[in-house]
Ligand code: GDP
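Here we start with a single chain on its own, the form predicted on its own, put down as structure tokens.
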Amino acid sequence: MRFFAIGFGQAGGKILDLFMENEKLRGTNTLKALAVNTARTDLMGLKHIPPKNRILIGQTTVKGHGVGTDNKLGAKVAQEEIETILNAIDEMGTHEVDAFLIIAGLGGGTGSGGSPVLAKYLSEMYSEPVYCVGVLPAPEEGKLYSLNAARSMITLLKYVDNLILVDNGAWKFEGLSLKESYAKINEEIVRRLAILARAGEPVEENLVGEMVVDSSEVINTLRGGGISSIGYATLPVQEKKKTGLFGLFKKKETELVTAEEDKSTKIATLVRKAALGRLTIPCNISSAERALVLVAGPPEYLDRKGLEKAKLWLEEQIAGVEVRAGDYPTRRTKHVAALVVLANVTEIPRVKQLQKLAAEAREEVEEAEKVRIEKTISLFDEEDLEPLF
């Protein structure tokens, strides 16, 4: 799956930078990456996106200092400089791209405001699908962030082919600072995107997949313009160790995959764990319209029967009947990883909560503005002074 990824804003840039690092370590060069921001320091902090692929917008408006949490200003700046962004995309080339992937935090200003603007123009100019990975703020980050996220999400859904949500509030790591927790969340996002990017990619030499999922099947799964959530689970592989003349395997106490065990059961169980475990945004799995399963790992631990079992089980769990499944054999890992994409889910408690917080925030902002104006006017005695008009 060849993505043209655009990291919009601080959070989007950091996630894309980590994604680029992951692809470099894998030795692949199928990912095109562009970082867009209104804050110069955020762009300077990126390590793996080339400087020529970083765009600073809004210099005349915010002088390279960012838009704060004003996503209306972020949208205005993106609209004013959309030609600069589109020209950069065009110069990097889009002829081999399967889809556009916008990555942004939806609670701030630049990514929250700018990503819907970019999605609108990309959907109008290109035939390739436009997806967005949107990171929602945690409830404790404040109602203003919730208001920003709700506005951005509603707008994005008008223009993207699919919105993959990540809920910061559901991904808390005990004992870690906020900065460390966000870094861990970014790693989890990239792990999922990296597996998704393997769909349709040529496998390593002399390796053949049991069931192949190509980019068109990913596109068909994510079509329809809804919200999606991604599940992920891994199991470490047991390395073969000779213990004597007959080459017996030494088993560890922890649960590990071995070639002697029932591979099909292991694969099916791993897929269930991914679907029912920690999703990027918690949702009711039974409300999903479509699903995609992708399992990656050393070829001797992959199993067609296991994938078919998992596919049948998932068909019974979701609202629709479209479940696509495939594998990606690779010797570059010592884990078997299962990815489950739940597409077009409709029962998402966090989204309803976000709408409520956003409505409260809007009322509070309007009331605060009204009080401020009344207090300012009361400073003057209108009997002595008359306004100009």
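When you see a residue number, it is the position in the sequence shown, counting from 1. All figures in this text were calculated on a predicted structure; none of them were measured in a lab.
Heads up, the form predicted in complex with ligand GDP isn't pictured, but that's what we're talking about next.
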- Checking T94, N186, S215, S264 against ligand GDP in the predicted bound form, the residue with a non-hydrogen atom inside 4.5 angstroms turns out to be N186
- Query: G297, G231, G109, G306: which sits within 4.5 Å of ligand GDP in the predicted bound form by any heavy atom?
  - Reply: G109
- Applying a 4.5 Å heavy atom distance criterion, does G68 contact ligand GDP in the predicted bound form? yes
- Message: At 4.5 Å between heavy atoms, is A11 in contact with ligand GDP in the predicted bound form?
- Response: yes
- Query: With a 4.5 Å heavy atom cut-off, would you call L207 a contact of ligand GDP in the predicted bound form?
  - Reply: no
- Find out whether any non-hydrogen atom of P116 is located within 4.5 angstroms of ligand GDP in the predicted bound form, and reply yes or no. no
- Task: From the candidate stretches 140-148, 122-130, 311-319, 157-165, select the single one in contact with ligand GDP in the predicted bound form, where contact means a heavy atom within 4.5 Å.
- Result: 140-148
- Query: Thinking of D42, V135 and Y182 as one candidate spot, does ligand GDP come within 4.5 Å of a heavy atom in every one of them in the predicted bound form?
  - Reply: yes
- Query: Since the partner is left out here, which residues of 210-230 would have a heavy atom within 4.5 Å of ligand GDP in the predicted bound form?
  - Reply: none
